[in-house]
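Quick heads-up: it's one chain on its own, the form predicted on its own, in C-alpha cells.
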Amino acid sequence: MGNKIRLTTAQALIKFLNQQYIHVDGRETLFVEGIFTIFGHGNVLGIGQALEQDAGHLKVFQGKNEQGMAHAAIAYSKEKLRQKIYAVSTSSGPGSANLVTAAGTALANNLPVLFLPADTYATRQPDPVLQQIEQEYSTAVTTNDALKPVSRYWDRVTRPEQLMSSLIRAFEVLTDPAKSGPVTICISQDVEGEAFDFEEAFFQKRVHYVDRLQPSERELAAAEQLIRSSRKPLILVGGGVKYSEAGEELKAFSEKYGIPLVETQAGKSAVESTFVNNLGGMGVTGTLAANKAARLADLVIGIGTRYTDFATSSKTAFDFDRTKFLNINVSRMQTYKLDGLQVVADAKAALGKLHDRLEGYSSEFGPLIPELREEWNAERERLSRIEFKRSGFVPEIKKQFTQETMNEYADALGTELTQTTALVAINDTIDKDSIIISSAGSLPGDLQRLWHADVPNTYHLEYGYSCMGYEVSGALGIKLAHPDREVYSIVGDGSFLMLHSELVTAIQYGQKINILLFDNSGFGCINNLQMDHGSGSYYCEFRTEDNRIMNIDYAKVAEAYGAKVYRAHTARELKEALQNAREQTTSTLIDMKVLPKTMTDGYDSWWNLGVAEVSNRESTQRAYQHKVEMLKKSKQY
C-alpha cells in the first residue's frame, strides 16, 4: 500500500481539482481554473473551510445567484472550447435547486461544468435539517435529485472514500468531447467535513488526453462517393467546428470545391462572415441567402451540428425527396439525425482526410454564391436604415400593431430607435475582435441574420436552451476567458429582469463587461409569436393596470451597482455611448429604448408550434391551417 494522507472529504476534493490537466494537440494545460461559490450552511464549513485552508491555484469567485454564477462558468467553458472549466459550489436546498436551469443550459449545449451542490446529512441523525425537503415515499430523495435529468453524470457522495471513484468518473465525462456536459457530484454536508486516510497517489498529477477521433477508411470512402454524386452540396456549420478548431480546414475545403457554408447559432463565427462562401445563418433565424441555398441543395454536410428545429426550420428547410445528408460528428447519436450517412469523427480530422480525396470535384453552386451574398447584403443594408415615421409606418415584421400603438410606444419610451438599425450601428462601431453574447428573445434572430463576425470566434450565442438570464452572467464568464477583449452582452429588458446578478460580481472583481440593454417594454419576441399565430396582444407587453406602457430606468439600477451608464434613444447617441464605453475601465450599461415590431422576420422559413386546433378567432384558424400545410413538407426523423 502507498502512503496515506489524512484529509476531510472537502479538502481531498480541492486537492484533486488542483491536479487535473488536459492534453490536446500536444498542448498540456490545467483543466480546472477555479470555483464559483455562494456559501451556505451546507458547504461553508466543508468546501469553504478547505478553500480557505489551501485553494491551491484555484481562483475563487463569490457569486450572487447560483444560476447566475453557473451560467458564468458555462460561458467560460464555451469560450475555452471545452478545454478548461470552473467548478460551482452551492449550499443544499434552494441553493442547489437554482442550478437546475443552468444544468439544462450546459446539457443542451454539450458544455462541461462541475456542479458541487451540498446534500443532506448522510447519517440522517439531525434530519430534517434546515432547507431539506421530505418525501413520504423515500427518505433518500433530496432537492439534488432534480439535477439528475439535466446532468450528463450524477452522483451522491455519502462516504469519504466514495469521492475517489466519483471524481475519476466525473472527469472522464468532463473531458470527453462526445459526451461533454454538466457533471453533478452531491456531497452530504456532514461528509464534507469527515476525515479519511486517502491514498497519496490519488492526488498525483492526472492528465486527461483528448485525441482527435479519426474517421475510418469505410466512412471516408462512403463520404467521398456521396459528395461526388452530388451536384449542389451545402455545408451546415455547427458548434462542433468551433470546438474542433477546424475553421481554417473548413475554409480551405469549401473554397477548393466551391461548396457554400451556412451556419447554426453555435457555429456562427467558426468562419468569419467575410469568407467568400459564407452565406450566414440558416433556418428560422437565418438569412434569405442561406435558406435559398438549403432549398437548392441535394446534399447537406452537417458538421458538428444537432440539427435543431430552428436550424432546419422544423425540418422544412430541405427538399427531402432529393436531398441527402452526410453527418460528421464526434457523437454517434448525432450522426444518425435525418437518416444521414454517419461519419463518427472529429471535424478537423475528417475535413483533413476528405480534402485531397475529392480532387477534380467541383460544386455547381459556383456563381450563385456571390449572387446570394450580394442579395442578402442589400437587404441587410436596408434593415440598417429603418426609420420610424409618425404616419404610414409599417412595422418591419408586420405584426398587427397599429400606427397609433407604435406612436404610443414612441411617446412612452421617448424613442424612435429601431432594433435592426441599433444592431448594425453596434456592429459597425465596436472593435472587430470584441466578443458579443446573447441568448433569448428576438435578438438572437436579428444577430444571426445581421451580425458580421469579421474575426473568428467572436459570436457567443446560447441557443441550445435559449435561456433567459444567461446574457449578463455569461458575459462575466467570457471576460474571465478573454481579459484583454471587450465583451458585450446584448440583452432584452425581459431577460435582464430575469437575471443580471453577476453584473455585481463583475464590478466587484474588476472584470469589465458592457451591457447593451434593448428595452421595448415587454416580452417582444413572444408577443410577435402570439400575434403572428392569430392571438391578440395578451400579457406580453409591460403595461400597468391602467394600460400605460412602463418606462423603467434600467440605467439607474446599474448605476446603483457601480456601473458607468448611458442612455440612448437615437443611433447617434448609441454610437457616442459605445465609443465612450470603450474607454472605461469599469463595467458599463447602455439603456436603449427601442420600438417593438422593428426586428427581422421570415426569410423563407417556418417554425412548428402548438397552434390551437380549435378557436373562435378566424386568424387562429388560418394559422392552424397553415401549420397543417407546412407539416406535409416536413419529415420526422
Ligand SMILES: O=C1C[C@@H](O)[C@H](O)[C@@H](O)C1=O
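Note that the coordinates shown come from a computational prediction; the quantities given were computed from them, not determined experimentally. We number the residues from 1 along the sequence you see.
Not on display, but discussed next: the form predicted in complex with this ligand.
- None of Tyr76, Tyr307, Tyr488, Tyr463 but one reaches within 4.5 angstroms of this ligand in the model of the complex through a heavy atom, and that residue is Tyr463.
- This chain is displayed alone, yet in the model of the complex one of Val504, Leu299, Cys525, Val565 has a heavy atom within 4.5 Å of this ligand; that residue is Cys525.
- In the model of the complex, Phe61 stays away from this ligand, with no heavy atom inside 4.5 Å.
- Within 4.5 Å of some heavy atom of this ligand in the model of the complex lies at least one heavy atom of Ala440.
- This ligand in the model of the complex comes within 4.5 Å of a heavy atom belonging to Trp607.
- In short, of 120-128, 440-448, 273-281, 220-228 it is 440-448 that has heavy atoms within 4.5 Å of this ligand in the model of the complex.
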